[in-house]
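As structure tokens, one chain now follows by itself in the form predicted on its own.
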Amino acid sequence: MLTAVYASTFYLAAAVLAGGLAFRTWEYATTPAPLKIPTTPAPTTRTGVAFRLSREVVLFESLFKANKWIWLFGWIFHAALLVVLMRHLRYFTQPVWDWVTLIQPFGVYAGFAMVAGLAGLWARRILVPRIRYISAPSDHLMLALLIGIAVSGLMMKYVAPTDIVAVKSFFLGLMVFHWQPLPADPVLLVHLGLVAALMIVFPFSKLLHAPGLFFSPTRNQVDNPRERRHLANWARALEAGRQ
């Protein structure tokens, strides 16, 4: 019964995550951008825009210029999250890829870094008056959810170890629709429940800034208003109809 409940939950969560991301990405891609509004100084070529977006994704360039403390905690959290996600690939691959095996020890330290980064970001929302004023309950709930996932994951390593071989068999079985028993360890069940909850709410939350960054007109537009007239798709269609 327990295995069926969690298997069904993860199928639902995966469907919501994939469908929600696809819909929101389509929505971003088809939203008109009628004005040329790149944040200056901006690149004047497409190659420059690609480099600018790369710096935003990897280095959080604009956040670094705006606030060093927020940049530090934000970058630590996102970098640690990337390592943790790569470490978890061992539960979905058989045999495990060599580079995934090599990063296993670093993934544990990344878990602590995740908690530290999230704690700093949450403290900012509580201690900084102007940030506290604009923080909605959902902002705190997202941070609590992420911290809960990280802490419960670390607890399975240091407080209440679980049978990771059985956990891997469960997820490999999910991928081929051949369910395997899931251990009934409380910490594991809490951890997996929080992960499923995150997958479900992700497409409908502020966490969607991950794909949204690539569709931001202030970041993805070339600064060439003098050289080339900018027309949104709907305006171009309207102009063609008049002709």
Partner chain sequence: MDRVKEAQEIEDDLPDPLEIPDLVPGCMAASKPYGAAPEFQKPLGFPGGLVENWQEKAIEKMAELRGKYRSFRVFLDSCVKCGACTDKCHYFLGTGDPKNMPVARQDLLRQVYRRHFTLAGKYLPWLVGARDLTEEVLDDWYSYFHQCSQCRRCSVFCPYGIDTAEISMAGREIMDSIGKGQKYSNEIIGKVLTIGNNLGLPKKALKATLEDLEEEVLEETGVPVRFPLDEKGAEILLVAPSADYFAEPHIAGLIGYAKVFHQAGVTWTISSHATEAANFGMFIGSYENMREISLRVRHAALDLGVKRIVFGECGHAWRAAYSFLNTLAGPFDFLDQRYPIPQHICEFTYDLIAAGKLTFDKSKNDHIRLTFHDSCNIARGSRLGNKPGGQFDIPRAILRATCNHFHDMPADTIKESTVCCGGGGGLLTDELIEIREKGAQPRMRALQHVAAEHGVTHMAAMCAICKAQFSKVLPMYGFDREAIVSVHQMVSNAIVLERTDGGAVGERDEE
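Positions refer to the first chain, counted from 1. This one's a predicted model, so the numbers in the text were calculated from it and none came from an experiment.
Heads up, the form predicted in complex with the partner chain isn't pictured, but that's what we're talking about next.
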### Message
Within 4.5 Å, heavy atoms only, one stretch in 107-115, 80-88, 161-169, 122-130 touches the partner chain in the predicted complex. Which?
### Response
122-130
#### Entry: Option touching the partner chain, based on a heavy atom within 4.5 Å in the predicted complex, out of A29, V58, A197, A184
A29
### Residue contact check: L102 to the partner chain in the predicted complex, 4.5 Å heavy atom
no
### Task
Indicate whether H178 is a 4.5 Å heavy atom neighbour of the partner chain in the predicted complex.
no
#### Entry: Contact of L12 with the partner chain in the predicted complex (heavy atom, 4.5 Å)
no
### Query
With a 4.5 Å heavy atom cut-off, would you call V5 a contact of the partner chain in the predicted complex?
no
### Message
Residue by residue through 130-147, which ones have a non-hydrogen atom no more than 4.5 angstroms from the partner chain in the predicted complex?
### Response
R130, I131, Y133, I134, A136, P137, S138, D139, L141
